[in-house]
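Given next, in structure tokens, is a single chain: the form predicted on its own.
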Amino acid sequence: MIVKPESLPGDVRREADVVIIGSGAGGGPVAKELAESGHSVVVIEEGEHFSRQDFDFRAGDALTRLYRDAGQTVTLGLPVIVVPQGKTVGGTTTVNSGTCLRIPRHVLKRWHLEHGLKDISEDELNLLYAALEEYLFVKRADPEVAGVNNLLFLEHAGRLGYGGGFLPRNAKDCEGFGVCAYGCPSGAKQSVNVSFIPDAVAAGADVYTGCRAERILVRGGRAVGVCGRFTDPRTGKRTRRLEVRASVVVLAGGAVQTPSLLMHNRICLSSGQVGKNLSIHPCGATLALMPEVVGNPKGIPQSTYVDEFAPEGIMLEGVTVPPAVMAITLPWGGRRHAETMRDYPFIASYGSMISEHDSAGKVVAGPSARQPLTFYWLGREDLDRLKRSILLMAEIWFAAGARRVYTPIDGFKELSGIRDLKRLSRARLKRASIYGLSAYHPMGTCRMGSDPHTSVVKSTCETWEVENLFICDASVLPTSLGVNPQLTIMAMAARAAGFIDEKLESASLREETAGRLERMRARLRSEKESVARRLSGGPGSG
């Protein structure tokens, strides 16, 4: 069942086969698979639980309730990048656009060659992907509800000779409300909060919400449980305690929170890789003033893509935002801001995503486990790649008839035509010239590998240093994927669940064997004592 803090009479102390920290793309699949295999499962989630009735189209309310730091978590470095992260049952899957893409073949090949992960085969992953896609109703976005904005961009990209299509999404009978990032009000999006977690609960799992995991219990080199504290959602004050003793502990808090928890617990640090190797897929965006109404935000926010430039590390993907969100992202104020907002019905939008080549990022512990610090420096090559993505989007918008294109580049905030495109293409940008960047896919901070000196977890997702401690989230992905990672996170988590199940079954068999041997020894002792009594002629010997 789902347990909220206000329903608890006092502190919680209990036992389970598995305790999972986090209920997102990693924690949800592990919880479902193990609960349905008959294991007792406890999930600890720092955020609150919401149902579709709580998703009311109001972006401001959703940001404060469903996101960490009201969606304003940022990286420190140049440029500053906003990295929104979900903090609710379902994690970031509850507030993403539902895109489900498989790992590109060249990325998996890199994992094999550079990280020794040859036992993660393409065939095995494809089986996992296929099962997940069936379970989550993954299919290409329906053009009927894709939205004018996205259809317009895709059409004119095609006219320029750029390949693209409709993105696969985990949505069943999507109605195109355009508010995927603020909780799906129809329940069509099969995020973890409406798929894996309900099925896990139906199989007997318990989910404690509003609880922050603080300490991983380790005895004799093995993880044996988790301690945490419930928090008041209004004041943030810590209240009741929770302690779960378990045979297996799974960390699934994401690529920022998971390394922070390890660092504050001072475990799994010998490789020096915890918190390192952060990649985030920096995202650019363009707004285009069109001659006709484009109907935003109605439609699927992220329904189409252009992958013509994927070999260069550039993906173009649809994006739309409601008026309240666009209002806080515009690069000017005063009368100009008011005039632009008045044009909202005519403003189209599209985004780009960069697969990093020379950028560098890391997560450090921060003053407390609740406040990790994220550093990120955009590399020169990636900066040029970001500029190229914005030029490509502007080119497509002008081909579609845009009167003006707005960009996040200082000195080029407004482009009026081909002359401005040429001027931008010649410019050598500085990192400080870029503003308003965002990123949505932190990965790699507890990376997987075949060498304990250069990685944090094995290919099974079990940590090298602490037995029975598994990490099942984006932090284990050893490189940038170049595509939206949620389906790969789920696949790796489902794969890890199989290894956890084997461990638990093996432990159960050992316990059963030990019990049988102990009963045999007791019987032999009893028979030996009986024989001794008969030989001594004592009472009962006749």
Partner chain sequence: MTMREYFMRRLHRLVPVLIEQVEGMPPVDPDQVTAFAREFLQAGTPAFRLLFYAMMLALQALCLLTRGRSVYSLPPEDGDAFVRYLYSSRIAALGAIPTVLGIPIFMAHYNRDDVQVRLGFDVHGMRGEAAAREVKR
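Source: prediction; values computed, not measured. Residue numbers count along the first chain shown, from 1.
Keep in mind that the form predicted in complex with the partner chain is missing from the display, and what follows is about it.
Listed residues E144, D119, E339, D451 were compared with the partner chain in the predicted bound form; E339 is the one with a heavy atom within 4.5 Å. Of the residues given (P311, P291, G334, G221), G334 alone sits with a heavy atom within 4.5 Å of the partner chain in the predicted bound form. In summary, the region of this chain contacting the partner chain in the predicted bound form, judged by heavy atoms within 4.5 Å and restricted to 37-45, 469-477, 499-507, 59-67, corresponds to 59-67.
Although the partner is absent here, Q190 sits close enough that one of its heavy atoms falls within 4.5 Å of the partner chain in the predicted bound form. Taking non-hydrogen atoms only, Q371 approaches the partner chain to within 4.5 angstroms in the predicted bound form. Proximity of S186 to the partner chain in the predicted bound form falls within the 4.5 Å heavy atom cutoff. D173 belongs to the set of residues with a heavy atom inside 4.5 Å of the partner chain in the predicted bound form. Along 194-215, these residues reach a heavy atom to within 4.5 Å of the partner chain in the predicted bound form: V194, S195, D199.
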